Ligand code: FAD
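As structure tokens, one chain now follows by itself in the form predicted on its own.
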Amino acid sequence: MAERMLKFVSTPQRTPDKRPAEARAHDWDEIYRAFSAERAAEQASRCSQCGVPFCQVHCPLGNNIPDWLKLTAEGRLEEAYEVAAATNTFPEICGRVCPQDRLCEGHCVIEKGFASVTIGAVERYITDTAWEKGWVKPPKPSRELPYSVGIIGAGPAGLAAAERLRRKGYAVHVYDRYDRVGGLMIYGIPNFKLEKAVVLRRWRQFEDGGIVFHLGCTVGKDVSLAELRARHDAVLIATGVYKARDIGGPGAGLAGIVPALEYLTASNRKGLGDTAPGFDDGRLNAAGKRVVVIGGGDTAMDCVRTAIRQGAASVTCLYRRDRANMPGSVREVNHAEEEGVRFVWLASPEAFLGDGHVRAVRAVRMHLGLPDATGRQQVEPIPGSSFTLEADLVIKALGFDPEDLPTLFNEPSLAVTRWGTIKVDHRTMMTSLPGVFAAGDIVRGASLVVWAIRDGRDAAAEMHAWIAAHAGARPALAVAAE
């Protein structure tokens, strides 16, 4: 009802209660407490129900945000969940890890002067309630189709495609080299941002829906892409990008300089109760160490905040641009500062010092120059501005590049771009191999979980259309395609 909405003029923005930094810096629990039903409804009622919802326009999934905010304000939570789940395979995950300040909330039309609606927190509340009430159901189809699909990669893109295709009735087989489902959601994102139980319950639910997972299976080693193409009617490549970008310079090969994902994976495995050799022997454990993290994205923020929780003696983030040009979430930077991370802006490493093991980073001050072709300002070193930061552990969080999949898969005809990502027809998402599609970071480069979900859902629709077009007059699929 209209009277339940437009409360932004009388009701201030209130996020869920955030645990004090001195408490949360010593555990791995999520930092925000849950909304109460009353608080969630109150904050949802601040939505202006505008005619052109820019929050929805700037959501990669096109989520019907004003609709489920209105339903939440009216206490109609089951309907709110159905609306949220209609466009998003994992709303409970996006509510936790999406950089809402750069996406939906950052484009809320009441943001100027009244502070945006707390969209992410309400989304999390809706879906956590849905799980508690049993409203979230396995992806079981109304009828089975006589076709199967193979999906390489159990990250967000692969899982989103698997869920959509299973609901249509396909036999879905997901192949992943890791021992758990979730990809970077399990091994890359720390618990204080995304508790692992939130991801693992989706794994169990998808298995209950009939999706088959082949874990510890490396395509190109345990099974070839050619075998998968022969086994399935269509194949999706959704491997993500995992190869760390490196940094050169004198001393770059010293011990104690490690890639971000290796560091985060060891920490997450330890939290899951696994044996974590790099952590257990101290190499990937920040306890008692002076830590320097190089980079300014969300992965860098995950690293600095992980190091704080591991008991580092000091944690410094070194980034070559300023705060305003940082690619990571502003909220994450604020959280990190509250927890004791020191940021050194406009500085870049030029050498690593030590005798066998890193003991310091020599950095140089930078200044922002003229914009490049993309409009982003270039950075240039300031002569004579070098300084030194003591360090026992240096973590490189410089981004990720794709692995050489044509070689790994032994498929030289699998075309790639000049950046090494899989080349696809962007209208159909098909690769250079007929019946083989690709989605997620392996196509667009390292990006957000929400974009991977969008790509996976789009790829599922294109795979379904392609199989329908190549299946001949087989009635089961013809009915499903209607």
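All values reported here derive from a predicted model rather than from experimental measurement. Numbers for residues come from their place in the sequence shown, where the first is 1.
One more form of this protein, predicted in complex with the ligand, exists but is not displayed; see below.
Student: Just one of 197-205, 281-289, 153-161, 354-362 has residues with a heavy atom within 4.5 Å of the ligand in the predicted complex, so point it out.
Tutor: Only one stretch qualifies here: 153-161.
Student: Against the ligand in the predicted complex, would Val219 count as a contact residue? Criterion: heavy atoms within 4.5 Å.
Tutor: Although the ligand is absent here, Val219 would touch it in the predicted complex, with heavy atoms inside 4.5 Å.
Student: How about Pro349: is it within 4.5 Å of the ligand in the predicted complex, going by heavy atoms?
Tutor: No, no contact at 4.5 Å.
Student: Applying a 4.5 Å heavy atom distance criterion, does Thr417 contact the ligand in the predicted complex?
Tutor: No, Thr417 sits far enough from the ligand in the predicted complex that none of its heavy atoms falls within 4.5 Å.
Student: Can you work out whether Thr239 and the ligand are in contact in the predicted complex, taking contact to mean some heavy atom pair no more than 4.5 Å apart?
Tutor: Thr239: contacts the ligand in the predicted complex.
Student: Just one of Phe409, Phe192, Tyr147, Phe213 has a heavy atom within 4.5 angstroms of the ligand in the predicted complex, so which one?
Tutor: By the 4.5 Å criterion, the partner-contacting residue is Phe409.
Student: Among the candidate residues Ala312, Leu184, Leu71, Val333, which is the single one with a non-hydrogen atom no more than 4.5 Å from the ligand in the predicted complex?
Tutor: Answer to the contact question: Leu184.
Student: Identify whether the ligand in the predicted complex is within 4.5 Å of every residue in the set Asp176, Leu261 and Asp302, based on non-hydrogen atoms.
Tutor: Yes, the whole trio is in contact, each within 4.5 Å by some heavy atom.
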